[in-house]
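Just the one chain here, laid out as structure tokens, in the form predicted alone.
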């Protein structure tokens, strides 16, 4: 196998190391739309980065963190459902981003590169960053695992038991935002959000404990990465979408197996 394919495989497996466990809580807390909101807001981050002439990945990262903080604040004050708030933030950020980017007629942005990325173009340094970031993020998730689990089961009872619900929820959303924003430049927003949601949803059918679900989600995500990259190699299809397609097929196969 060529070196670029091995690096892509290493990068994809590194992402599944954190996307699997994180995806468990994304599914349980019904925050699948949160990733899509960050994908929409990425355009605003890119536009602001161009207007302010700062690093685009940094501007997207800062905006993702602000979206997470804004969501938590609106949840506490507006009384609206989370999916409604996410819809407002997603479309509002997308619209503002399109307006902002219109002020720079001299710049042409390849949005597909940010949405789907190019996992086949990752270098050795990128792979090290992905694995280092995944391990650090996984360590942070383990520190809030138990209170986050209590929160996902019943927020009110968790608060009675002494869990600082707002703080834990913010920490989780910031963790998701950071992982998505950092991985965006390398593999694209749509790929990392798909790896957060689809493997966890597939693993839910076969799991009897949260830890088992996290493990199965990681394994399913890893299988999707391998299958997607092999399909990209054999069929000459885009690597990112091929990985998402493989994950979707694994999810559907799981549903069929459940019926039998």
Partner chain sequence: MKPDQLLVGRKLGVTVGGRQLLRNIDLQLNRRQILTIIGPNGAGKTTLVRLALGLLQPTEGTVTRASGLKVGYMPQRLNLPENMPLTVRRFMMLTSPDPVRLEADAREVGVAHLLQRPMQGLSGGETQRVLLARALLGEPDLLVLDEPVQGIDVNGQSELYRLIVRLRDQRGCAVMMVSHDLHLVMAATDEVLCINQHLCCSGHPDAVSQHPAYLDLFGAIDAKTLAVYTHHHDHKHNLHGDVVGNDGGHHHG
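Positions refer to the first chain, counted from 1. Between two forms, the rigid core is the largest collection of C-alphas that superpose within 1.5 Å. Computed from a predicted structure; not experimentally measured.
Another form exists, predicted together with the partner chain; not displayed. Remarks below refer to it.
- Shown without its partner, this chain lists 164, 91, 104, 154 as candidates; in the predicted complex, only 154 has a non-hydrogen atom within 4.5 angstroms of the partner chain.
- Though the partner chain is absent from this view, in the predicted complex it lies within 4.5 Å of a heavy atom of just one residue from 56, 39, 227, 27, which is 27.
- Of the candidate stretches 200-208, 57-65, 217-225, 231-239, only 200-208 has residues with heavy atoms within 4.5 Å of the partner chain in the predicted complex.
- Heavy atoms of no residue among 7, 16 and 122 are located within 4.5 Å of the partner chain in the predicted complex.
- Within this chain, residue 159 lines the site of the partner chain in the predicted complex, having a heavy atom no more than 4.5 Å away.
- Contact between residue 149 and the partner chain in the predicted complex is found at the 4.5 Å heavy atom cutoff.
- In the predicted complex, residue 192 stays away from the partner chain, with no heavy atom inside 4.5 Å.
- The partner chain in the predicted complex is approached by residue 213, whose closest heavy atom lies within 4.5 angstroms of it.
- Contacts between 40-75 and the partner chain, taken as any heavy atom within 4.5 Å in the predicted complex, involve no residue at all.
- Relative to the superposed core, residue 125 shifts its CA atom by less than 2 Å between this form and the one not shown.
- Relative to the superposed core, residue 76 undergoes a Cα shift of 2 Å or more between this form and the one not shown.
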